[in-house]
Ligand SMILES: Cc1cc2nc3c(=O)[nH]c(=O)nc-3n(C[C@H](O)[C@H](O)[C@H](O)COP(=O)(O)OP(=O)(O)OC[C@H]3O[C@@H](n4cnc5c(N)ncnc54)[C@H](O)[C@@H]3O)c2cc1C
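The chain below stands alone and is given in structure tokens; this is the form predicted alone.
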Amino acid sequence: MANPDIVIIGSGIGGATIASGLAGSGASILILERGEPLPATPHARSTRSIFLDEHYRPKEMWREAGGAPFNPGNYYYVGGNSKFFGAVLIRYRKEDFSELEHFGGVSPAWPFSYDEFEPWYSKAEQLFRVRGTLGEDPTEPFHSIPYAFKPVPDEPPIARARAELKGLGLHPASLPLGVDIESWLKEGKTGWDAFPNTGQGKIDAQTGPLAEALMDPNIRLETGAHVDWLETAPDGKSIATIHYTQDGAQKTLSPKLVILSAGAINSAAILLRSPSAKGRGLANSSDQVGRNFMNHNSSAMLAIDPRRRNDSVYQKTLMLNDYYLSDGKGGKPLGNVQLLGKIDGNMLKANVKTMPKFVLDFMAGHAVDWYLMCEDLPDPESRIMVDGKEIVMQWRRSNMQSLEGLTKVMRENLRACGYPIVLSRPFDKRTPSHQCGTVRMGNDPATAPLDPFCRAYDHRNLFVVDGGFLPTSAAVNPALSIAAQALRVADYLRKTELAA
């Protein structure tokens, strides 16, 4: 097989979206995906299969630095982790692009402004057919193009929760979602948050940009292709060869451009495993590859009223950003609050093994379920390392005071709304959905592996386009920001590397 012009490693949000942005360019493009398409089986809508039996979790183990192995919960399918995402496609706030002081330290500025990035957010929202509305959220930044689709409607218990929060003087707003709600419910009466998308209900990386990209006959997808390492040319200034394993065979490719989109942790691991002159991996003259790992500080919060049943099917339509830019009293930022998909007894049983199932069923049936999310700040000692084939995680969580503050104020608010029981539980490292920062972009090659267009400073034909490039985690879901940057990088490649 002739070598393609471009190889994209990974078909998640970053890889699939940059492929769609390069469609029609005339370049021959091969997408290497280590997983296979997600099969449609009864497991896909079974909370017992997903949450108790952990049917979809990979068999791999990572290791804590100096500690025990753990099962990380990354997903390896065509479409990557987005096959299981909550379909929240929300912009970072304008303030997130500037230096911002938090309780736990300073969140650094991006290498460009929100205003420069805004058109790409709009393009990404169109690509993922995002449903939302403007004017409800006081932190909402400027949109040059309104949402093309109306928001997913609140179910009656959630409309009541929205009204209760408004009654406190707060500003609940509709979550921007990539969900075709009619298609989703036609395939099964469940939520979508953490459920695999085996049909067309969620606009994920596969059903959105990848489907569009593969309409170009010059773009192909190969599955079961596990990239092991990259090899440079003799001068070290470019990537000469991709080494990967497929069907037990060792294979190589030598494209003109390499776009690494394997996810923040796996992209860093591929670079760190790759041989280099100084022995610390590729794209790493800054010694920052694998460092600055961030994964959000987050908790689940259940607001329970034993007198009122919550019969919502999907629930996840509401967010609250009143505490995003300050604590509500003129202090530092706390974070974002949004609904979880509707939980049930099986989901609770996965976390509370000792409590009888009938008690958990009652709790779930009378709860409104929230997700509290706060910014995790970049720290060079919060890092991903490799030990042979093993991935080693040293996650040093920061800014936990924000999560404590957000938990406290939301507990007070929900009790004021009439929920006498409010329970919360933090998420841990087994919930990897918002990994970012491990191969960050920046203006200074001494402190960042990538330039503002995600090109590696050390190897001019290598780009890293996934959550790894994010210089900050902000306090919102990262998918739309990854997609927007992927479209921006694709446009840059068309004008530079692919220009006739």
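The first residue of the shown sequence is 1; numbering continues from there. What you are looking at is a predicted structure, and each value in this text was computed from that prediction instead of being measured.
The form predicted in complex with this ligand is left out here; the points below concern that form.
**Student:** If we take heavy atoms and a 4.5 Å cut-off, which stretch out of 182 to 190, 258 to 266, 304 to 312, 233 to 241 is in contact with this ligand in the model of the complex?
**Tutor:** That would be 258 to 266.
**Student:** Are all three of 77, 87 and 477 close to this ligand in the model of the complex, meaning a heavy atom of each within 4.5 Å?
**Tutor:** Every residue of the spot touches this ligand in the model of the complex.
**Student:** Should residue 336 be classed as touching this ligand in the model of the complex when contacts are defined as heavy atoms within 4.5 Å?
**Tutor:** Looking in the model of the complex, residue contacts with this ligand do not include residue 336, since no heavy atom lies within 4.5 Å.
**Student:** Is it the case that residue 22, even though its partner is missing from this view, gets within 4.5 Å of this ligand in the model of the complex, heavy atoms only?
**Tutor:** No - in the model of the complex, heavy atoms of residue 22 and this ligand never come within 4.5 Å of each other.
**Student:** Taking this ligand as it sits in the model of the complex, is residue 44 in contact with it (heavy atom to heavy atom, 4.5 Å or less)?
**Tutor:** Close contact is absent here: in the model of the complex, residue 44 is far from this ligand, nothing within 4.5 Å, heavy atoms only.
**Student:** If you check in the model of the complex, is residue 226 within 4.5 Å of this ligand, heavy atoms only?
**Tutor:** Yes, residue 226 is a contact residue.
**Student:** Could you tell me which one of 81, 382, 298, 398 places a heavy atom within 4.5 Å of this ligand in the model of the complex?
**Tutor:** It is 81 that has a heavy atom within 4.5 Å of the partner.
**Student:** Please identify the residue among 409, 194, 363, 325 with any heavy atom within 4.5 Å of this ligand in the model of the complex.
**Tutor:** Contact residue from the list: 194.
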